[in-house]
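Here you'll find one protein chain in two forms, each presented separately as structure tokens under the names structure 1 and structure 2.
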Structure 1
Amino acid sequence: MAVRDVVNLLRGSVSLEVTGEFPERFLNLCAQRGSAFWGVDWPDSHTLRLTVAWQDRAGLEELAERTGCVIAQGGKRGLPPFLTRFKKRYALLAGLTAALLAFCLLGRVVMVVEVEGNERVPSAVILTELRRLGLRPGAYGPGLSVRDISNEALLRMEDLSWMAVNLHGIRAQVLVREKIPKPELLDETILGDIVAEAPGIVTRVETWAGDPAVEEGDTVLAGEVLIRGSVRMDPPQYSEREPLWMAVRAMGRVEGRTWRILTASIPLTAEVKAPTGEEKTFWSATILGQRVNFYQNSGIPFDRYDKISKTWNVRLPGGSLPFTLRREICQGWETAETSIDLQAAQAMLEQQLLRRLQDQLGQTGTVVSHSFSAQETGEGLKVTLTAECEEELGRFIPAA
């Protein structure tokens, strides 16, 4: 759209059809008067069509009478004709004005704050700190000093090394970089041995410092020394001196095959929830971080209940807006005793035992094979896990 078309839309226009013996005289009088017109068309010698600016439409009937012509008004275009429709509709005019003000102002208000680039530091922690510094939904964007906010947030959050805040209309984009954790330094001044943490058969010995006390294929017990924290220093050849021993911090890796037995049990009966049929619903809304409850301070008439919540967010193509509607349904219940499903209970205990075993092995240990056995006793269902594993046997024990 050309600039001239935009100007014509803003100032408004009206189409006229002038009919008479000499319509060209009407056109000359309009030019002498200084009225803006364009789009002149001659359907025939006695008819003239043109478009006149909205502010110059007054007084054209008088010019037509002086030239013996008749004016017929056609279509209206532009902003002024559109606003005249609301001349006596005050409510609509107020609504239009409010909509225009909201469009101009809300476009500068932060509606969404998004955090990107974090892995170890939770987004909720970063958003909480930014809220304390003034960056939150509902804040006026041009009034925020994003550089000062970034610098202050970095001083308060030791786990971050860099932060940048970018404002994109109603969206605030927070880019962060986390600090690389310092490696744990090994204090070699603390002397000691590496001993077996669990009984097993040694499959690999790798000594970095100290003297190995076992070889591949040896069977060791828990607490047995695997790598001694001492180094033998032999005297020169043909010397009559005794060998010397130097105390060091034993370092190395001893892997082996182990067998672990874990047990878990569960009662044969359990208390379950039985719904009572009582129910109460609460509605609330959150607008720019402020919660508005649509209920008074009414309590819940039952002691035991489950709360079921559902939230509806206002979404745009660029993301969610800080306007939410929330419904909370409180459903009453009471306890009742029932027999457990043995198959489901056994499967649950087996999963728990496998997780416990993996926690004991850590990231370096692996399970070679495992088996389960289940037994019903007077106290409940007992499940036993027997596993063959490959893991690191040794752990460092400081010298006394």
Structure 2
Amino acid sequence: MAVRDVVNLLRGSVSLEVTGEFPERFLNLCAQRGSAFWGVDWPDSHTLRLTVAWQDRAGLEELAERTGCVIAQGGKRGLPPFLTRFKKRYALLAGLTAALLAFCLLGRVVMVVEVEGNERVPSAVILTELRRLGLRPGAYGPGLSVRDISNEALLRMEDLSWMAVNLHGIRAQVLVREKIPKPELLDETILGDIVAEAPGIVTRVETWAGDPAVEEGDTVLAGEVLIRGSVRMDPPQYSEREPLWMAVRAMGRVEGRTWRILTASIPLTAEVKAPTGEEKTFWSATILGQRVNFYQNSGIPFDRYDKISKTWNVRLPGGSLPFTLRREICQGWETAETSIDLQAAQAMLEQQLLRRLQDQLGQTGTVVSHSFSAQETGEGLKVTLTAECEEELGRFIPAA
């Protein structure tokens, strides 16, 4: 399509048939008036066909009257005649205007706030602080001073070292970097001994500061000193001076073999939930952070109930939008007493005991061997764990 045709389509045109005694006079008046026309056809001496621009059609009737001609309007082409069809379709125009406004305005409204780069600081904490500073779903993007917001947020959150807020249309991307925590410094001015945390047999002694009080193979009890925080300084040979004692902070590592016995018990009967069959459903929606409830009475008529929530989020390929539909079902229940499954209960207690043992040993200790014993008593099921472990025995105790 030629450029000329495109231009004619954009500005629109109308075909006219001029009939009269002297149609050439009409043509000459059009030219004098500056009306653009083309496609002139002269079928006979009294008839003239031509195409005029849509914007020049007004006033041609008057020209025809002046020249004693009659104008018959033919086909219309182009964009302006097409748009004229919608001139009286007010609902369509209103909808179109609303859609355009929505496109222009909503495209600048923040709908999604995404936090990236945080590991220790929860996203909810950052989002709450940003919400206080005005960055939230529904905020008008160009009205936000993202630099001020990020600076202010950094001042309020001590665990963050850097923050940048980038607005990408309806999405606000919040990039954060967390502060590296300070290493825990050992205060060497606090003096004291290293004592045994649990009874056992010493397998290894490594002294960094202080005097070792035990050797490999020694048996120690809980609380017994393993490395003394006082160092004996002998006087020179043949000197009559008394030995000196220097107080230090005992440091070192004493490993040993220990035997730990842990017990746990559970009653033979337990109270379990028994659903009553009654339930109540609540529907709500959240639009740009504002919750709209679709129920009037929010009271729950059950003493004990489970609340089961399900949320449907409006998602786009770029992320989720701040429009959610939420359903909450409250299901009532009562307690009923029932006897427990002994095997399952024993397995559960054994797992609990192993977890407790690992907690006591820490990351450095290992379990060499372990065994369980179970016993039914009047109070319930009692499980005992006997474990042989290798662990660090020493624990620093400041001097009184």
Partner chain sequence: MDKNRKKEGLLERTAQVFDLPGEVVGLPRVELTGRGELRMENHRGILAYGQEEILVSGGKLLIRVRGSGLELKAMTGDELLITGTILSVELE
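Please note that residue numbering is based on structure 1, beginning with 1 at the start of its sequence. Whichever C-alpha set is largest while still superposing within 1.5 Å between the two forms counts as the rigid core. Remember, predicted model here, so these are calculated numbers, not experimental data.
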{"item": "Selected structure - the one that is the form predicted on its own", "value": "1"}
{"item": "Shift of T47 between structures 1 and 2 at or above 2 Å (CA, core fit)", "value": "yes"}
{"item": "Core-aligned C-alpha movement of E379 between structures 1 and 2, 2 Å or more", "value": "no"}
{"item": "V165 C-alpha relocation of at least 2 Å between structures 1 and 2, rigid core basis", "value": "no"}
{"item": "Cα displacement of A64 between structures 1 and 2, once the rigid core is superposed (Å)", "value": "13.8"}
{"item": "Rigid-core-fitted C-alpha displacement of E242 between structures 1 and 2 (angstrom)", "value": "3.8"}
